[in-house]
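Single chain ahead, written as C-alpha cells, the form predicted on its own.
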Amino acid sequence: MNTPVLSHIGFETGGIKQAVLAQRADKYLVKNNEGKVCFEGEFEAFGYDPNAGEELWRADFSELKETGAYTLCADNGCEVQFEIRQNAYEPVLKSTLKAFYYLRCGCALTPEYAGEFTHDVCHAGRALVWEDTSKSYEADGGWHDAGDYGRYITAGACALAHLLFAYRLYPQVFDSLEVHIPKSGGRLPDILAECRYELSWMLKMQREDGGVYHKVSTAHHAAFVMPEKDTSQLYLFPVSSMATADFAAVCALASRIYRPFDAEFADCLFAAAQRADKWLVDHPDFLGFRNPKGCDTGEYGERGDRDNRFWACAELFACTGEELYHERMMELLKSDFSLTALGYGSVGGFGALTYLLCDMPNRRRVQQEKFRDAFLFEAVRLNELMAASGYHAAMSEQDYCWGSNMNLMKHAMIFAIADTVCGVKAFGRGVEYQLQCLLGCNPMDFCYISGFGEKSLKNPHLRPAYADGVEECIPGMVSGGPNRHPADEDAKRLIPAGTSPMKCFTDHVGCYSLNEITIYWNSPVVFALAYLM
C-alpha cells in the first residue's frame, strides 16, 4: 500500500503543510501522540502527473500550527508520521552551509570541526601551467567542486554568487548563525568566513596580466580515494574569457559585502576585479575553453561570454557608479541571453539582480523595471508549471536533466527574488513548495540532502564519502537528482527505459549523472532556506 509522502524534516509552525498520495483516498484525520484528532480534511483529487507517472491525491493541512508529533491517517488505511516545530528549516540550513567546509581543499579537516569526516592536507603542491610546464604557481585552497577533486572558476563563482546574494538579501538570518567552522563566531558571519576561503583561492588563479585560469586539477580524475591520496601533478589550465568575467563579477560583488568587515580584503578583491576587467577590455573576443588533449577532468565550457561580461559590468558599475561600465552593460544587453538565469552556464540573472538592488536615479528606473519584469515573467511561467504538478514542482519535463535539483532550487530562487526584490508576495509560497519537494515530497519519497532521515542521500558519487570508511554519509550534501536521460552506465542499467522523469533516480555511488554533488547544487538550497527563515 502506498504511503503519503511529505517533507522528511517535518514542517514549520507557520509554513505550508502538504502530503501527496498516489492512491485514491477521500478523507483524512491528523492525530497527535495521544490519539486526539487535531485536524481533519478531504483529499484533493489532482489527476495524472506525467512527470511523476502517477494519479495523485493531495492533502493540505497548513492550518495546523501547534508544535508536536502527528500522524496523518487516510481513510484508505494509509498513514504517515510527521512533526511540526519552530525553526524547522534551521538544521537544514546549517547542514547545507557547513557542507562547503567538508569540501575544503588544501587544508586538513580536523575532528574539532569535522567530527568523523576528517582528512589530511590535500592538493597543496605547486601547479604547473599546462601550456608551459616550466612555470608553476601556488594554487591551493578553495572547495573541491563536486564528486571529483577539481576546482573550477566558473562553478565557484556561481556558488559564491548564490551564497553572497543570500547574505546580501537576508543578512539577519546569517549574522548570528554559527555552523562550527574555523573562526566560527567571530566578527565575520560564518557564511562569509566560508566564502572567504573560496575567494582567497580564486585570487591565486589570476595571472599577472589580469586573465584568470579556467581551472586547476590533475590531468585525470582520481580514483575513489581520500583527497590526500590524490597526489598526481596539478595543472593550471588556460585562461578563458568566461572565467575571467565571472571572476571579475564575483570579486566586485564580494568587495561590497566584505567592506564593513575587512576593508583591506575588500580592496584586494576590487583591485583584482578591475585587473580582470582590463583583461576583458583588452581581449574583446570570446575565448572559450575545451579540455586539451590529455586532460579529462571537468570542462565547464560555454558557447559565449556576453552574459558573463554583462554580469561583470553590472557588478563594477554597482561598485563605482561609473558611466563607462553602464555603457558597456547596455551594449552587452543587445546580445541574446537570459536575464533571469542563475547557474554556472548562464549568469545574466546575477547581473540583472545586482542592477535591481542598486539605488538608481530616476533616469535608470526604466531599465530596472525591465529587469524586474523579466524576473516576474519568469516567476509567472514557473508558477504555471507548479500548478501543473501534483507535487508543486515548478519543473518541465526538460528540467529533469543532469542536476535537476539545481533547476528546482534555481526556480525557488526566482520565486524568492520575485517576492523579496520585486515585491510580489504571492510568489513566496513557491519557495517552500520547491524545498519540500527536495526534502521528500516527491514520487521517490526520498530526501535529496544527506543526513535527514532514513530515506535520504547516503551513497553520493563523492570520493571522500566513499573512501572515508565512515558508514554515515557526510551531512548536508545535495544530490543532483532525477535525470530523464541518464548518462553513466550504472544509471542506464538501473533505471528502466520509459521511467517517468521524477523517478529517474537511484542512490548509487556509480551513478554520477544522477547522484553526484556539487558546490552549486548546495548553494541555491542555502539561498532558498535563508529566504524561508
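This one's a predicted model, so the numbers in the text were calculated from it and none came from an experiment. Each residue number is its position in the shown sequence, starting from 1.
There is another form of this protein, the form predicted together with a small molecule, and it is not shown here; the text below is about that form.
Visitor: Considering 228, 299, 419, 90, which brings a non-hydrogen atom within 4.5 Å of the small molecule in the model of the complex?
Guide: Looking at 228, 299, 419, 90 one by one, just 299 meets the 4.5 Å heavy-atom criterion.
Visitor: With the small molecule left out of view, choose which of 179, 273, 139, 146 has a non-hydrogen atom within 4.5 angstroms of it in the model of the complex.
Guide: Exactly one listed residue reaches within 4.5 Å, namely 146.
Visitor: Is there a heavy atom of residue 170 no more than 4.5 Å from a heavy atom of the small molecule in the model of the complex?
Guide: Residue-level check for residue 170: no, no contact with the small molecule.
Visitor: Please determine whether residue 310 contacts the small molecule in the model of the complex, using a 4.5 Å cut-off between heavy atoms.
Guide: Residue 310: no, not in contact with the small molecule in the model of the complex.
Visitor: Looking in the model of the complex, any heavy atom of residue 523 within 4.5 Å of the small molecule?
Guide: Looking in the model of the complex, residue contacts with the small molecule do not include residue 523, since no heavy atom lies within 4.5 Å.
Visitor: In the model of the complex, does residue 117 come within 4.5 Å of the small molecule, counting heavy atoms only?
Guide: Flag for residue 117 set to no.
Visitor: Tell me whether 344, 402 and 516, taken together, all sit within 4.5 Å of the small molecule in the model of the complex, counting heavy atoms only.
Guide: Contact check passed for all of 344, 402 and 516.
Visitor: Taking the partner as it appears in the model of the complex, which of 263 to 271, 359 to 367, 299 to 307, 160 to 168 has residues with heavy atoms within 4.5 Å of the small molecule?
Guide: Going by heavy atoms within 4.5 Å, the stretch is 299 to 307.
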